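Quick heads-up: it's one chain on its own, the form predicted on its own, in structure tokens.
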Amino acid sequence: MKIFINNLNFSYNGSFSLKDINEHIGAGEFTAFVGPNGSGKSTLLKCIDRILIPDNGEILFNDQDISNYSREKVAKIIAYVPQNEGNIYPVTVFDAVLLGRKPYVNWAPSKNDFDKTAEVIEKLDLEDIALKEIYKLSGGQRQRVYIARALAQEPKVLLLDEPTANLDLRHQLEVLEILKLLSEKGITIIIAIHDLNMAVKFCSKFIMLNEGEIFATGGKEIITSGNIKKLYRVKVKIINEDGEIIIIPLSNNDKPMKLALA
């Protein structure tokens, strides 16, 4: 599903958080919103999902203005995974993922709803904890459950705010590989992410945000040391080996930063 964002503005208490956002995201693109804290990444995700209502401007899905959609219709098109879930209720992993089927349930979940839930649980390697209650899980395990719940919605657009923030390296890779595969199957995926190396490894498009405005947009060609320095105010060295980009932060003396080990 294609997304068109036209002349979008959003403000909190009279102070603009998003200013004149104009962007097009193609169907099946795996897009990363990148930028420093407070740049507007999460706010833009929430505007796309209609959690926040823009001051003005429009968001079109395949030329249809989503402001005309009911909340139920939006839920059948878009799934959103926040960075922090908030309250954690005493439900099992299976039941939490089954909640993703809510837009399709009339009275009680059908066999198809249960089958879709089991399929997603298997895909995200949650079978061993399917009957555990969520509050007993680690932060990383809960994050995978919330992603599974979103996938159970069978969305055409998947929005994720820092989806790898609480995951160990192995599960970061697994989740992003799953998201990349889903994008290749036609789902439009947008993530807000701080880890630039993970972003350039998996994403096909990058929208750099700074102070509520689009700083740069495009493919890997915009991942330059100059753009990163302007955006984050840090120097980096970029290594490109056979199309694989590696970003290395530099200290003030232009040497790679080292961690102090005890």
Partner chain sequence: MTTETTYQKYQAYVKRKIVFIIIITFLLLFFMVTGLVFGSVKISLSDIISAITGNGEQTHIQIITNIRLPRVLSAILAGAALSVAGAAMQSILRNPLGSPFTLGISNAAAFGAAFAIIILGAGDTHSNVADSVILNNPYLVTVSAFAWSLVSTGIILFMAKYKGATPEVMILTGIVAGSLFMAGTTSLQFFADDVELSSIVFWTFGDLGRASWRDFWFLLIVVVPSTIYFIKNRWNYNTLNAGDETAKSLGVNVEKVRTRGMIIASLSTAFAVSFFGIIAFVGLVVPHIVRRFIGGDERFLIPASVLFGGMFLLFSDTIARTIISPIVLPVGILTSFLGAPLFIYLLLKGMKRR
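Residue numbers count along the first chain shown, from 1. Here the structure is a predicted model, which is why all the values come from computation and not from measurement. Between two forms, the rigid core is defined as the largest C-alpha subset superposing within 1.5 Å.
The form predicted together with its partner chain exists for this protein as well; it is not shown, and the discussion that follows is about that form.
K.L.:
Does the 4.5 Å heavy atom contact test between A75 and its partner chain in the model of the complex come out positive?
P.N.:
Heavy-atom contact with its partner chain at 4.5 Å: present for A75.
K.L.:
Would you please decide whether L181 lies within 4.5 angstroms of its partner chain in the model of the complex, comparing each non-hydrogen atom pair?
P.N.:
Although its partner chain is absent here, L181 would stay clear of it in the model of the complex, with no heavy atoms inside 4.5 Å.
K.L.:
My question is simply whether E122 lines the interface with its partner chain in the model of the complex - judged by any non-hydrogen atom within 4.5 Å.
P.N.:
Contact with its partner chain, yes.
K.L.:
Is there a heavy atom of L173 no more than 4.5 Å from a heavy atom of its partner chain in the model of the complex?
P.N.:
Judged by the heavy-atom cut-off of 4.5 Å, L173 is well away from its partner chain in the model of the complex.
K.L.:
Considering its partner chain in the model of the complex, find the one stretch among 31-39, 220-228, 45-53, 194-202 with heavy atoms no farther than 4.5 Å from it.
P.N.:
Selected stretch: 45-53.
K.L.:
Within 4.5 Å of its partner chain in the model of the complex - does that hold for a heavy atom of every one of P103, P109 and D128?
P.N.:
Yes, the whole trio is in contact, each within 4.5 Å by some heavy atom.
K.L.:
Can you name the residues of 145-175 that have a heavy atom within 4.5 Å of its partner chain in the model of the complex?
P.N.:
Residues within 4.5 Å: R149, Q153.
K.L.:
Determine whether the C-alpha of K76 shifts by 2 Å or more between the shown form and the other one once the rigid core is superposed.
P.N.:
K76 C-alpha, core-superposed: shift of less than 2 Å.
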